[in-house]
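Below you'll find only one chain, the form predicted on its own, shown as structure tokens.
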Amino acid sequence: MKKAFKILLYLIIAVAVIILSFIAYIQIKGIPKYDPPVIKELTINPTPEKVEEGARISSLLCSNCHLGKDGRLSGGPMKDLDPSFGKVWSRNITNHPTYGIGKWTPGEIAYFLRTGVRKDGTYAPIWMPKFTNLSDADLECIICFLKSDMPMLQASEAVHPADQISFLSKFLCNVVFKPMTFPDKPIVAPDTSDRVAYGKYVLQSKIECFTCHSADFKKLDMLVPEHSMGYLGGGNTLIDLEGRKIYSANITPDPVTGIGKWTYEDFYKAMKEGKRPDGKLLRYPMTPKTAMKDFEIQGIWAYLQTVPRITNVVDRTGL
């Protein structure tokens, strides 16, 4: 009996040592760094139209995190990041050659936005979207904008504190979330005349609505978004401007817990004006998407009608 007890005790100690060693390894290693990638040069053809479209797309994707107090994309604290991921500051992406991305080539920007890996091999954690499925045309517009001389990209010397990354983020980046693969063939957006297909593209790849409106940031599938846990069923933890936890809405067609009873007009007002059907304002971080074009909203609405219903009662306390 004593011998069996000793063996059990040794096993428990051994398991504990292994677990503690793993925790220490992850804590010390931090966010993984990869070999500097071999990046193919990318030729862009800037036009006023592309820069304007890139600015519009970026206002829907980048500004919420990267817009600084100076009115430029100089970065700042990510106030709406779940504290379980740590305390993080978005990067300065103005055209400053040292503190921003002024020296980045179009190919380096494209590689980073697609994969999450910078030219030096450092990896952007899970709070930085990876635009693996964004069309080449839309990606070029964004890069044309980022390489332009528009006011919000004028060089800023803003420098932010080092991120205080949590163990959870380090663990996820080492075990779950890995760099995306850079596409080896052209990516073309669906034709806008196919509202369902184009709406799916906008929701998944262009604006990435699914990341917030699914169940958990930790359970997202960026390559095949439909495989994300609770896809569009809401309940994901978000942070409002007062630092309080709130939960994303269920936007599946469920008539009781989702938006199944909404009309297109209700949805349009929510997107464009940030208002619910009862006239109340939607809460931050859901802000009015005034830059969205009508055909994009029509497409998203058409696609949402095809999404499987999820019955998920989300805590809407405070609404």
Ligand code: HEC
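Residue numbers run from 1 along the displayed sequence. Keep in mind the model is a prediction, meaning the values are calculated, not measured.
The same protein also exists as the form predicted together with the ligand; that form is not shown, yet it is the one meant from here on.
In the model of the complex, Ser248 approaches the ligand with a heavy atom inside 4.5 Å. At the 4.5 Å threshold, heavy atoms of Met271 reach the ligand in the model of the complex. Contact annotation: His213 falls within 4.5 Å of the ligand in the model of the complex, judged by heavy atom distances. The ligand is not shown here, but in the model of the complex it comes within 4.5 Å of a heavy atom of Pro285. Checked against the ligand in the model of the complex, the candidates Met180, Cys209, Ala158, Ile187 yield a single residue with a heavy atom inside 4.5 Å, and that residue is Cys209.
Between the options Leu61, Leu42, Val51, Ile26, the residue in contact with the ligand in the model of the complex by a heavy atom within 4.5 angstroms is Leu61. The candidate spot formed by Val196, Leu223 and Ile310 is out of contact with the ligand in the model of the complex: none of the three has a heavy atom within 4.5 Å. Segments offered: 223-231, 170-178, 187-195, 107-115. Contacting the ligand in the model of the complex at heavy atom distances within 4.5 Å is 107-115.
In the model of the complex, Ile101, Trp104, Phe112, Leu113, Arg118, Tyr123, Ala124, Pro125, Trp127, Met128, Pro129, Phe131 are the residues of 98-132 with at least one heavy atom within 4.5 Å of the ligand, listed from first to last.
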